[in-house]
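A lone chain, given as structure tokens: the form predicted alone.
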């Protein structure tokens, strides 16, 4: 077995798990899982824009990675601005970003190439395709996300659980909401770079949901979210390498994360019933 070839996929899995542990518990605390889904699906708009610009203007430097990152940041900024400055219904805004971004991407792909392209590749992805360049890009995104979240950890924690109380204590709620939105966009782009759009949703929700069943503090939830996500990624890589290459897709990781979340929920329910 070519163990050397597993180095980059394992590194990519660790970085994706780090984003899951760093952002996921805050997403869960803020009840913002649908927001993470909207931002992740909006990346299709950037991917389609990259394909269109490459085809029509020869912008070979504007790759799907940069298009996806740009779209994620734009969606997060729009979401933060609209919900922070207006009385718009959050569910309607999220639905518009989710469906509008995805549909725009498909339209731009068709306009550029005459066909939809391999949408499944962007939805599912594969950790096994990670290489040195991918790991470097993911490392940069992880570092920027950490620099956005960790220095303001206490303020973000306060805003996540009670915005009114945080505002009364002098916390700039609008600013920290915007910081979190941008950090979430970076985490989504990081995870989706190899795992795909659906992987971003799964890693930002399921590990945190599982860890919240038996971890009281946010720091413990962050640590266990990382462990859940990393173990699921490693298991998916191992399955793809030893059992069937198709298992290296995000679907196997989704399954493992769902099992962990369900097991944690059942375990807590049983303890409550017997307590």
Partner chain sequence: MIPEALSATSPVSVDGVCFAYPGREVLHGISFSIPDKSLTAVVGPNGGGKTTLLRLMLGELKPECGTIRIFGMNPSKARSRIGYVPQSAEADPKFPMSVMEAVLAGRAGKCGLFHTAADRAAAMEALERTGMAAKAKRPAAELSGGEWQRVMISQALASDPDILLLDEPAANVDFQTAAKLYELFAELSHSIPVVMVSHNLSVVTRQADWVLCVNRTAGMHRLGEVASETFQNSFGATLALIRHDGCPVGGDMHDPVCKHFSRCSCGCGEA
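Being a predicted model, the structure only gives us computed values, none of them experimental. Residue numbers count along the first chain shown, from 1.
Not pictured, yet referred to below: the form predicted together with the partner chain.
S.K.: If contact means a heavy atom within 4.5 Å, which one of 92 to 100, 160 to 168, 128 to 136, 182 to 190 is the stretch that engages the partner chain in the predicted bound form?
M.R.: Stretch with heavy atoms near the partner: 160 to 168.
S.K.: I'd like to know if residue 58 sits close to the partner chain in the predicted bound form, meaning any non-hydrogen atom pair within 4.5 angstroms.
M.R.: No.
S.K.: Going by a heavy atom distance of 4.5 Å, is residue 227 a contact of the partner chain in the predicted bound form?
M.R.: Result no; residue 227 lies far from the partner chain in the predicted bound form.
S.K.: Determine whether any heavy atom of residue 218 comes within 4.5 Å of a heavy atom of the partner chain in the predicted bound form, and answer yes or no.
M.R.: Yes, residue 218 sits close enough to the partner chain in the predicted bound form that at least one of its heavy atoms falls within 4.5 Å.
S.K.: I'd like to check something about residue 29: if you look in the predicted bound form, is any of its heavy atoms closer than or equal to 4.5 Å to a heavy atom of the partner chain?
M.R.: Because a heavy atom of residue 29 falls inside 4.5 Å of the partner chain in the predicted bound form, the answer is yes.
S.K.: What are the residues of 142 to 160, in order along the chain, with a heavy atom within 4.5 Å of the partner chain in the predicted bound form?
M.R.: The stretch 142 to 160, when checked against the partner chain in the predicted bound form, contributes 151, 153, 154, 155, 157, 158, 160 at the 4.5 Å heavy-atom cut-off.
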